[in-house]
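Below sits a lone chain in structure tokens, taken as the form predicted on its own.
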Amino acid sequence: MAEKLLEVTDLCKYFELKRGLKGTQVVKAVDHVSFEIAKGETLGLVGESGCGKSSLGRTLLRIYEPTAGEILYCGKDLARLSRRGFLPYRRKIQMIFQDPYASLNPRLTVGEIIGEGMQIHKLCTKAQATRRVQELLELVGLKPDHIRRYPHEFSGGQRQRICIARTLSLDPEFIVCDEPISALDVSIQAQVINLLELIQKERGISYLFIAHDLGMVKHISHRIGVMYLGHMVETGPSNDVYHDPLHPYTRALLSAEPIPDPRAAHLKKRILLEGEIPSPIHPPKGCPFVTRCPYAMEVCAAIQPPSFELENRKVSCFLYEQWRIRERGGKGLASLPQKAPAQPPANA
């Protein structure tokens, strides 16, 4: 693996809710999540709506203050820095938001929006900032004379390109892409993805790419992380996760991916999950997926599974303890029965 740029260990972000007579309750949006991203690498992050993907991205940038855990950026723990101490790292860590129109100030021109960060960090003079903004507009496929226009004068795809130009204005090393294509037409989505890939190739930028489009995530990502109810349940190389998913939730999630070929879609077997969807306020005691998992065992309801390593992959599931890996030759869920034993063996 290439040199690590970002290493996250046991990161938590909890939100307190005040609910009348019930007092204060806690939503564990991100719960002990660990992963790493190498320089020039893209980690795709997928999962159901509300699983904590966007909260994780915002916590990495300290938009949300982390509750616990470490965010090591080039060996420096960003979670322990003060607001003043974190300021220099804001140049290196940037974010592309999901809604391009909501993230742009309608009162400012495109030139003021893109150049604002350069002025705050005192990177150049006003004249130099103007030239730099025009160069960035050309880089993202817009015209230099767009510098005097306002956000409402652009289409959705053009506004997202403005957001990308603003992000690149500070020469970042790591960008959190929070569903940057979800609000765009399909043809525009491809243009934005190609632009992000080109920028990564030229500048060696690392991405955390958050999206619902599983096919697009597979296309752009080197590795994939799967989140469920605030937990990272599986990580691994893109092709491995797609062709041989290990975690039961990953398997069900990928089976729901639409296929453009009607014949192939007809032959594809959809995994329909049964059971109760847990509340993020009152999650299960053990494995977060235990209420919907067709392979659930008694130990799953009592203990939260650790992250088991299988070659270059990690999966949080008791099905993949070493005795099961040896017993089934390290294969995926296809080799498992529909219902796992109610009680694991004594030597598990």
Partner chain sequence: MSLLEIRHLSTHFQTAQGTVKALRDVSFRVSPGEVFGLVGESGSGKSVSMLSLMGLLGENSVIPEGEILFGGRDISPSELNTKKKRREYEKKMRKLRGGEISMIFQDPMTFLNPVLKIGTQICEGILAHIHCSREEARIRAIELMRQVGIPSPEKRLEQYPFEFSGGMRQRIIIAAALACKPKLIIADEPTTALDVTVQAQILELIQTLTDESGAAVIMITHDLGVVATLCDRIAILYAGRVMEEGLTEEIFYNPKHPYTRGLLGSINNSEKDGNEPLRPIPGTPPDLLKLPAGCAFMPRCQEALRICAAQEPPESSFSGTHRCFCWQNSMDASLITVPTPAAAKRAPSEAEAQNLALSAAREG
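In this text the structure is predicted, and so the values were computed from the model without any measurement. Numbering follows the first chain given and starts at 1.
One more form of this protein exists, namely the form predicted together with its partner chain; it is left out here, but the text below deals with it.
For the options Arg166, His146, Arg132, Lys218, the residue carrying a heavy atom within 4.5 angstroms of its partner chain in the predicted bound form is Lys218. This chain is displayed alone, yet in the predicted bound form one of Asn105, Ser187, Thr125, Ser82 has a heavy atom within 4.5 Å of its partner chain; that residue is Ser187. Taking the partner from elsewhere, no residue among Arg62, Asp99 and His282 has a non-hydrogen atom within 4.5 angstroms of its partner chain in the predicted bound form. Heavy atoms within 4.5 Å of its partner chain in the predicted bound form belong, among the stretches 220-228, 133-141, 166-174, 88-96, to residues of 220-228. Not displayed here, its partner chain is approached by His212 to within 4.5 Å at the level of heavy atoms in the predicted bound form. Not displayed here, its partner chain is approached by Lys268 to within 4.5 Å at the level of heavy atoms in the predicted bound form.
Using a 4.5 Å cutoff between non-hydrogen atoms, Tyr73 does not count as a contact of its partner chain in the predicted bound form. Using a 4.5 angstroms limit between non-hydrogen atoms, Arg292 touches its partner chain in the predicted bound form.
Looking at 185-208, the residues that come within 4.5 Å of its partner chain in the predicted bound form, counting any heavy atom, are Asp185, Val186, Ser187, Ile188, Ala190, Gln191, Ile193, Asn194, Glu197, Leu198, Gln200, Lys201. Between the C-alpha atoms of Glu276 and Glu298, a gap widened by no less than 3 Å is obtained in the predicted bound form, as opposed to the form on display.
Between Gly275 and Glu298, the Cα distance is greater in the predicted bound form than in this structure, by no less than 3 angstroms.
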